[in-house]
Ligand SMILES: Cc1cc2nc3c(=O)[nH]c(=O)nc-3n(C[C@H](O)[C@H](O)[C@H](O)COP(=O)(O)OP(=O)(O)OC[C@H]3O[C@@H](n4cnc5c(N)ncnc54)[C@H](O)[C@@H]3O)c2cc1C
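Single chain ahead, written as structure tokens, the form predicted on its own.
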């Protein structure tokens, strides 16, 4: 049996693990970091381009990030938080480009972001949303139109074949992006492997982990028929949907009560050159009634493995797998006495969601094409092919006074002493990875932030902090964007 020691062990070679490993290397180059991945390549699950929506989530076009309450009041809290987090990601990537670690053209492309709605009620709501958002420096320049002529200029393929009197409207934000998070993850990990102290091991599957009496974590990792035993004072579980099962094996009291609800998905993909060339944008609509928020229909210009195409979806579905390359036994294996009532309660309360997923599972080619026709009236089935998207596991947990809740987004679960942390949940995780991992480091390594050089180094990497008092300062945001845009090749548009 091989025995290994490391200062930090990261389980999962996706966007989250790559981001945390890169931050650790930047903050403390002398640390030994071991990354273990059960598959034979990195970013093959949630981070891969085909498995991820690929939108640089700046909250420019995603309508579920600006919810309206029962009194008709629009909330921008979530949009501002996500926008600030994405600005931090751009800053971090820019710093890595300046060091020669990344080449922006391999993973980042500028493409306008659109919100598209139909009907007078939704058109009026979209106009209100644009008015509120465009008044803020984060979203300045956002345009709105319900005029078919303007919409044809913005979205010629979307408007082709529409009735002249159709009531619809769109907003446009020019500084949007498309991100190939799979390519970005690969680039970061390729660079990390050239740095002293960082090791990546593929085809290594974590089977068991437990806390030793001396406080170290012991991990038993299978590599084919061989067993590798790893000891480390810090462990990060970032294995996408598989994290919940690993976290349960760790036996953390902080993880009690957590469950998971898996949601699968499919895309329609078009690589027909004339059509690809006539659509330029990421166009987000409203999620159908009863659909999970991550199922907002969208028509995207995408770069996958360096090639541009169009992607429409996702078509949601249900599978008991927690990973695309997982087991049908994942969901039942995650059920424990401490989370069973929560999971049953959510299943009963979310009957509309279950019904929606069952309806999606019954869809055939004609039904999928009908959904596409809402965005592209003249779409032809021969120009599109069906592909399986990534698997997502939404968080189920108890909330004081509210009972068991199905949660959107991501959440870090950490041991009280910070020796182990795990990331649960889904979108907009990849876009906000830097903010999530910085917060994780502050929770797990508080002593490093109370003294020493970590705060100073972090301020060099992320000079604009959207959580501070100057977060709404147009001047501060402008300086941040000026630097990032110059390095990453973005433009105000």
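Positions refer to the first chain, counted from 1. Quick caveat: nothing in here was measured; it's all calculated off a predicted structure.
If you look for the form predicted together with the named molecule, you will not find it shown, but the lines that follow are about it.
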For the named molecule in the model of the complex, the stretch among 426-434, 458-466, 66-74, 444-452 with residues bearing a heavy atom within 4.5 Å is 426-434
Just give me the single entry in 155, 206, 357, 111 that has a non-hydrogen atom within 4.5 angstroms of the named molecule in the model of the complex.
206
The named molecule isn't shown here, but in the model of the complex which of 234, 384, 181, 139 has a heavy atom within 4.5 Å of it?
181
Hey, with the named molecule in the model of the complex, do 36, 53 and 392 all fall inside the 4.5 Å heavy atom range?
yes
Although the named molecule is absent from this view, report whether residue 240 comes within 4.5 Å of it in the model of the complex, heavy atoms only.
yes
Is the gap between residue 323 and the named molecule in the model of the complex 4.5 Å or less for some heavy atom pair?
yes
Does any heavy atom of residue 60 come within 4.5 Å of a heavy atom of the named molecule in the model of the complex?
no
Is it the case that residue 144, even though its partner is missing from this view, gets within 4.5 Å of the named molecule in the model of the complex, heavy atoms only?
no
Using a 4.5 Å heavy atom cutoff, which residues in 2-33 contact the named molecule in the model of the complex? It's fine if the answer is none.
11, 12, 13, 14, 15, 16, 17
